[in-house]
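Form predicted alone, single chain, as structure tokens, below.
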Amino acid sequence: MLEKLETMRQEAENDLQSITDLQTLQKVKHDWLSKAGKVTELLKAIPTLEPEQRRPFGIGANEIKTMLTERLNALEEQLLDSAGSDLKLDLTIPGFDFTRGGLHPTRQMRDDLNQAFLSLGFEIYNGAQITTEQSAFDNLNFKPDHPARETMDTYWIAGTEQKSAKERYCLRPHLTGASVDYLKEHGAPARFVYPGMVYRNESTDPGHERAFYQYEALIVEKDFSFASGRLLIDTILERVFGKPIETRMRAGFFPFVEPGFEIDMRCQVCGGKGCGVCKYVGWIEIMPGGVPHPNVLLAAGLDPMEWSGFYINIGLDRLVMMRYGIDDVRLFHSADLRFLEQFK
């Protein structure tokens, strides 16, 4: 068998001497070092030998393998170097312009709000984008015949239409349902924010989209004044815009707060003069707000006679429109790089 090793060594040397190009090199490498190659066959033969022959045969086979590997690698480097020696470089040709990415303007606004709320002791919470009828409506004091439950407003998941509220699924139409989920899990007192995308089955226009971002904030404490909530709104807007922002609060009905308010800010696109974004009234609604409804607190397992608080749900895309003077919310999800490159 040792004579066979010497014959194989000489055969390997002859094959190495025959290499003149990369194609031949790859063939020799496959013939000798692949899983079905000659070296592999040599190594597989070791267990069939007599015990006293196995060690010297194994050493010899591995020496052939090492020799082939080193010589083939060296030859490959030489052939690659010589193949590139004829290349002519024209250093006057302009180089390639690498495209630099950037954060989406809505993401930038979300990060700014996160920093503002974190500085005030809030926690950032995340939840699922698919929710149930119970979480999105029942826990939030929506009546069984409320129009928001209809398919004309909410995207329901096919196949769950006839199931119970706990098993009837939809794309989350708002973030507020997660408030109850959070309170059930963490209890009170609580201060948290909850950013994310929501989905509404509605007609689009410069101020409305079917898929858009909200940013919810909730405080639940035993003694939290409504005036403190108003101060919270003004403080956050001033942090985001870098200047005091004129706001107003109008009485409004929302099933999950009592009392409830529509919270508007002076339109920053037109400066309050009136435009298509603010529907020519000078003000734009950016969030509902108010005190959590007693039924919502009960759904979260809290005593409404003991706990109260303050809730707001910011239309994040609309806030970005105010920051940059954008007059059409549909531009955010258009994937138009000409629009997005302005915010790098």
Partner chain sequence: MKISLNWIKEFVDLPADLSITQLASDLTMRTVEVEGYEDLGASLDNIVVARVEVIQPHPQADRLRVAKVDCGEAELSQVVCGGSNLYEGQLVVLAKPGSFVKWHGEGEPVEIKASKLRGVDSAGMICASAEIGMEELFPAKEEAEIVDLQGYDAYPGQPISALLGRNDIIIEVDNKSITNRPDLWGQYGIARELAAIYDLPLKPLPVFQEILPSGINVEIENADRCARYAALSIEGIQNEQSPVWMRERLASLDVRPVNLMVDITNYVMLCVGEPTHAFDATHVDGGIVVRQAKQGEKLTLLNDEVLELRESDLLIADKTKALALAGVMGGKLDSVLDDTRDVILEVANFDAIGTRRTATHFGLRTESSSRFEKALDTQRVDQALGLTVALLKELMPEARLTGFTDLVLKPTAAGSVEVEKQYLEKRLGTELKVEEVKALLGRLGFDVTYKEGVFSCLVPSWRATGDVSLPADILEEIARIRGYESFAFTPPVVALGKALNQPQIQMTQHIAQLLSQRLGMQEVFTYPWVEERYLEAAGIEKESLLKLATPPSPEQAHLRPSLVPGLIEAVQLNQHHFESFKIFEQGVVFFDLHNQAQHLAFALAGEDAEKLLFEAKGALQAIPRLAMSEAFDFVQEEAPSWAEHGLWLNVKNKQGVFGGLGVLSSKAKRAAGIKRLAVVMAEINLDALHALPSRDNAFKSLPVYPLVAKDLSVILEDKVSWAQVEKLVGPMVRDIAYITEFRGGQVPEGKRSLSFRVWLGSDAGTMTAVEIDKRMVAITRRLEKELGGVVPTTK
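Residue numbers count along the first chain shown, from 1. Here the rigid core means the biggest group of C-alpha atoms that line up within 1.5 Å when the two forms are laid on top of each other. These figures come from a predicted structure and were not determined experimentally.
Beyond the structure shown, there is the form predicted in complex with its partner chain, which is absent from this document and is the topic of what follows.
S.K.: Find out whether any non-hydrogen atom of residue 6 is located within 4.5 angstroms of its partner chain in the predicted bound form, and reply yes or no.
M.R.: Residue 6 lies outside the contact set for its partner chain.
S.K.: Answer yes if any heavy atom of residue 74 is within 4.5 Å of a heavy atom of its partner chain in the predicted bound form; otherwise answer no.
M.R.: No, residue 74 stays farther than 4.5 Å from its partner chain in the predicted bound form.
S.K.: Residue-level contact is defined here as any heavy atom of the residue lying within 4.5 Å of its partner chain in the predicted bound form; does residue 78 satisfy this criterion?
M.R.: Taking the distances in the predicted bound form, the answer for residue 78 is no, it never comes within 4.5 Å of its partner chain.
S.K.: I'd like to know if residue 243 sits close to its partner chain in the predicted bound form, meaning any non-hydrogen atom pair within 4.5 angstroms.
M.R.: No.
S.K.: What I'd like checked is whether 121, 155 and 306 together line its partner chain in the predicted bound form, meaning each has a non-hydrogen atom within 4.5 Å of it.
M.R.: The answer is yes: all three residues contact the partner (heavy atom, 4.5 Å cut-off).
S.K.: Heavy atoms, 4.5 Å, its partner chain in the predicted bound form: which of 267 to 275, 89 to 97, 109 to 117, 173 to 181 makes the cut? Say which one.
M.R.: That would be stretch 109 to 117.
S.K.: For the heavy atom contacts within 4.5 Å of its partner chain in the predicted bound form, list the residues of 194 to 230 involved, in sequence order.
M.R.: Contacting residues: 197, 199, 201, 209, 210, 211, 213, 221, 223, 224, 225, 226, 227, 228, 230.
S.K.: Is the C-alpha displacement of residue 307 equal to or greater than 2 Å between the shown form and the other one once the rigid core has been superposed?
M.R.: Comparing the forms between the shown form and the other one, which are aligned on their rigid core, residue 307 does not shift its C-alpha by 2 Å or more.
S.K.: Does residue 123 count as moved between the shown form and the other one, where moved means a C-alpha shift of 2 angstroms or more after fitting the rigid core?
M.R.: Where the cores coincide, residue 123 shows only a C-alpha shift between the shown form and the other one that is less than 2 Å.
S.K.: Classify residue 247 as shifted (yes) or not shifted (no) between the shown form and the other one, where shifted means its C-alpha moves by 2 Å or more with the rigid core superposed.
M.R.: After core superposition, the C-alpha of residue 247 moves 2 Å or more between the shown form and the other one.
S.K.: Once you account for a change of 3 Å or more, let me know if residue 99 and residue 109 sit closer or farther in the predicted bound form, using their C-alpha atoms.
M.R.: Compared with the shown chain, residue 99-residue 109 is closer in the predicted bound form.
S.K.: Thinking of the 3 angstroms or more shift, are the C-alphas of residue 112 and residue 99 brought closer or pushed farther apart in the predicted bound form than in this view?
M.R.: Residues converge in the predicted bound form, at least 3 Å closer.
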